[in-house]
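For reference, the chain that follows is the form predicted on its own, supplied as structure tokens.
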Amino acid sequence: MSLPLIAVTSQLAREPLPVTGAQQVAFLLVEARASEALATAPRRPLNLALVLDRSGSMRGPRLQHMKAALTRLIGHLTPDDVFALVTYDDTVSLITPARPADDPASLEADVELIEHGGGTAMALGLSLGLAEARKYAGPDRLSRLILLSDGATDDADQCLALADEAGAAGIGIIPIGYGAEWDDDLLEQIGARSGGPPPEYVRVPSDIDACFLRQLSAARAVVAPGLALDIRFVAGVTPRRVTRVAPFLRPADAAINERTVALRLGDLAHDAPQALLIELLIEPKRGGTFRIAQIETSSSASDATLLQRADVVVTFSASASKRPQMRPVVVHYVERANAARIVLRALADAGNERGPIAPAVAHLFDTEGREQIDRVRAGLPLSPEGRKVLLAKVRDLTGIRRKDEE
């Protein structure tokens, strides 16, 4: 019997759970990891479409650095990869129709055609970029669309509808915010609804080169695209909150439907897990070991062996001598997920009465993050840059796990 290509594990923050006469709250960590066999399997070539802002605010260093970064990115493609390039302002231009990247010099010449323009109509760029990405989309390639924006747009609803289309087609959108004036809520939703990551914040033009190469490297690391997770809980066990905690932090309460959690996780990389933290409300149970849920994973890849199932089994004990064992890694995630929700709620309530942000929450952030939290605690407005810094810190709050917590 072959070993599963995706290993699915689960653990509670503490176990055994006590036998009580009342409901109790528990925290469940669910992780999906690539097996060694999957991690070492040949990678799919890329089907990469780039949709890049060329509006008037891109004039100067932003455009110059973006073009230089594009040229370097092209140098890292292989002849088996597919490349398409679209630019937008208040119009849209197809700079490079989707085609194999077997002539880098020609692609680099296309980059030189990019010039700054006028306003911003992101949906025009997204629509054309998605059409180009669809030309080579299929199970034999990993399809991704990089979307770069440096400002607000008036067609947000159209952009979100296109993000839904991209997700249904298996084309994850990778949002990149350039400078401090882009719409962080819109880019976050575009990433989430397409099955892509949160937006990456590029603060200064010279950072765009490393950003493009980072996204290319992340795409090369994918071994199971379009990973989806379904968790069905038994009667008496109710999910109340869901938080993605790896490879980034993102609340995902919308994934809850009664006793089911269904979430499109996106890409599984060979060297990093996808992980969810689920807050549960459990009805009283007698002592013993019980199955409380079944987990099912699937992938948009055509390989049926990527479909895996696993049970969540929990022990309840009435014995005073059996003290619960704490799982440090789950506690680590619980602490940071709760802190992130507190900070995000404070940002969402800007202009209204804010709940207090305890010093213990601020302590989980680095110096730069604490500076922004101190402003929020004091009731002071955040600058566009300060807000994006803090949102980026929240997304990365669970990004690094200490070895002694595993």
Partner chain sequence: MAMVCLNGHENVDGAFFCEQCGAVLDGATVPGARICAVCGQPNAPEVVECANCGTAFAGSAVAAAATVRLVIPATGADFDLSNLPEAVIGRADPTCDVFPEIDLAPYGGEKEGVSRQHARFRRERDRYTIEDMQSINFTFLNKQRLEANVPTTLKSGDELRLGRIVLRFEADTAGA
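Residue numbers count along the first chain shown, from 1. Just so it is clear, the model here is predicted, and its values are computed rather than measured.
Not on display, but discussed next: the form predicted together with its partner chain.
Asks: Are 23, 357 and 397 jointly within 4.5 Å of its partner chain in the predicted bound form, each by at least one heavy atom?
Replies: Affirmative, all three are within 4.5 Å.
Asks: Just one of 265 to 273, 115 to 123, 184 to 192, 166 to 174 has heavy atoms within 4.5 Å of its partner chain in the predicted bound form; which?
Replies: This holds for exactly one stretch, 265 to 273.
Asks: Considering its partner chain in the predicted bound form, which of 201, 83, 88, 333 comes within 4.5 Å of it through any heavy atom?
Replies: Exactly one listed residue reaches within 4.5 Å, namely 333.
Asks: Have a look at 328, 75, 284, 251 for me and say which one sits with a heavy atom within 4.5 Å of its partner chain in the predicted bound form.
Replies: When its partner chain is considered in the predicted bound form, the option within 4.5 Å is 328.
Asks: How about residue 43: is it within 4.5 Å of its partner chain in the predicted bound form, going by heavy atoms?
Replies: It does not: once its partner chain is placed as it appears in the predicted bound form, residue 43 has no heavy atom within 4.5 Å of it.
Asks: Mark residue 155 yes when one of its heavy atoms lies within 4.5 Å of a heavy atom of its partner chain in the predicted bound form, and no otherwise.
Replies: Flag for residue 155 set to no.
Asks: Verify the contact flag for residue 361: yes if a non-hydrogen atom of it lies within 4.5 Å of a non-hydrogen atom of its partner chain in the predicted bound form, no if not.
Replies: Output for residue 361 is yes: heavy atoms within 4.5 Å of its partner chain.
Asks: So, residue 322 and its partner chain: in the predicted bound form, are they within 4.5 Å at any heavy atom pair?
Replies: Outside the cut-off, so no.
Asks: Would you give me the residues of 25 to 40 that have any heavy atom within 4.5 Å of its partner chain in the predicted bound form, in order from first to last?
Replies: Sequence-ordered list: 25, 27, 31, 33.
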